[in-house]
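Only one chain is shown below, in structure tokens, and it's the form predicted on its own.
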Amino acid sequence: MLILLGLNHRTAPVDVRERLSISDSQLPATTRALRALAGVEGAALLSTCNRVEAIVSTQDEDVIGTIVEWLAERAGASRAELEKYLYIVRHGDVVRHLFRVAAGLDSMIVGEPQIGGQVRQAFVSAQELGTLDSLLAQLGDNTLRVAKKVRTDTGIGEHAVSVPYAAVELAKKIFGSLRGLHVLLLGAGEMGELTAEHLHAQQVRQVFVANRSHDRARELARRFDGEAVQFDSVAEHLTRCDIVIASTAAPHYVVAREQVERALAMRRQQNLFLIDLSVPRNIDPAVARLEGAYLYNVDDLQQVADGNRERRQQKAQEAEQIVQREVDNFRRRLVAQDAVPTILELQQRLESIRAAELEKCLRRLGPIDAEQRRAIEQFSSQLVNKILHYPILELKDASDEPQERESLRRTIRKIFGLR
């Protein structure tokens, strides 16, 4: 059976999530420790900034208590304290939960793309460590396949739903690829930092950071493998940079129309993308009227993000339908796979009875021609198939609940005299 225990941004505050968080360097040893717990047959661990989840296969549901105790010990908390924040998912619900998580449907920002890679890494790491059994290996493969299908079929991750992502999306529309571009970050505002971080991830060539406090500028520049520059050298860097992000606390414009006009003349018709995230605004709105200058303020970007959020919600409805179909398909495959040994024994048992009774019948009948023999054999085969039809159908369409499936198998085996 499948069991998942975890907590996320909806069930636990950040200080609790931090206590259970698993770094990349800790993941191998922690996954092995989970697999080594009594009753655990297969194990994988997913740890992100917003969730920590232990995914296991087991024959004994009592293993839940063991895992809760193990998690509480890792968190330095009592079991009662930790249980307030945990959710426990069982059987087929584990499949649905993981499919939704990997597709970005359970994220703080619906459709966010990073979670798919994080789920992949969790299963790949567990596979390399040898902690996956056959059931979890199948679950991992299907989870990644479904996540890819959702993104391909719905495009749920294509539209930016945060101001920093909206800025990156607009920059791509202006420049195409952002690789090799130069970025100037003015100020140390949180939104500006996030935007610069997202641009840096797009493999821009260089990030320059200017701040009233040069020490703070150097600190930020190190984060982006960039360069700290003096705040009073803004005009000079406007000619060198393709993207400018203003995020200061200044109560006035720090980038004037005349500065941008001169920079554009020196840039020889190369576009300049300016993002003003400050309130009050730091870039003269008149800049937007200059040819080759593209200026967006925080309200513009928020409007883009809000519109995209509505689109994502529509895509999410399509994605939920895909997930449900895939959950049903996976569940049916697992149940059918689980039923195969009993079905084979049942078929062999009835075929053995059929063959023995057919021989007795033929001996009593005496000499018959080949066509008559074929008719009798066909009749006996069809009779056995009719008898097998409903037991096999029930085995293949049994409940997700392992105990119910086992009870059905025992009943059928007893009725038909199987070992």
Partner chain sequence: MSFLPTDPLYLALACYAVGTLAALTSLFSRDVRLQRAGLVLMIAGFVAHTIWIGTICTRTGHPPITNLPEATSFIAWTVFAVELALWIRYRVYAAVFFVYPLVLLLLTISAAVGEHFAVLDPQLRSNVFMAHLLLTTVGVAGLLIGVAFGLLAFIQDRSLKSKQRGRLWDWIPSLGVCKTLGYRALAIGFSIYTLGILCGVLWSYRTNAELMDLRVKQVGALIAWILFGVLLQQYISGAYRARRTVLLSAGGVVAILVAIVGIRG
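Take the two forms, find the largest set of C-alpha atoms that superpose within 1.5 Å, and that set is the rigid core. What you see is a predicted model; the values in this text were computed from it and never measured. Positions refer to the first chain, counted from 1.
This next part talks about the form predicted in complex with the partner chain, which is not shown.
- In summary, the region of this chain contacting the partner chain in the model of the complex, judged by heavy atoms within 4.5 Å and restricted to 301-309, 338-346, 100-108, 222-230, corresponds to 301-309.
- For V163, no non-hydrogen atom is located within 4.5 Å of the partner chain in the model of the complex, even though that partner is not displayed.
- Taking the partner from elsewhere, L71 is found to have every heavy atom lying beyond 4.5 Å of the partner chain in the model of the complex.
- Put simply, A293 is close to the partner chain in the model of the complex: some heavy atom of it is within 4.5 Å.
- Mapping the unseen interface onto this chain, F175 counts among the residues with a heavy atom inside 4.5 Å of the partner chain in the model of the complex.
- Proximity to the partner chain in the model of the complex, taken as a non-hydrogen atom within 4.5 angstroms, holds for one residue of A137, L129, L181, A288, which is A288.
- Residue in contact with the partner chain in the model of the complex (any heavy atom within 4.5 Å), chosen from M191, A235, L170, A256: L170.
- For E261, a C-alpha deviation of 2 angstroms or more is recorded between the shown form and the other one after rigid-core alignment.
- Comparing the forms between the shown form and the other one on their rigid core, the Cα displacement of I174 reaches 2 Å or more.
- Superposition of the core reveals a Cα shift of 2 Å or more for P285 between the shown form and the other one.
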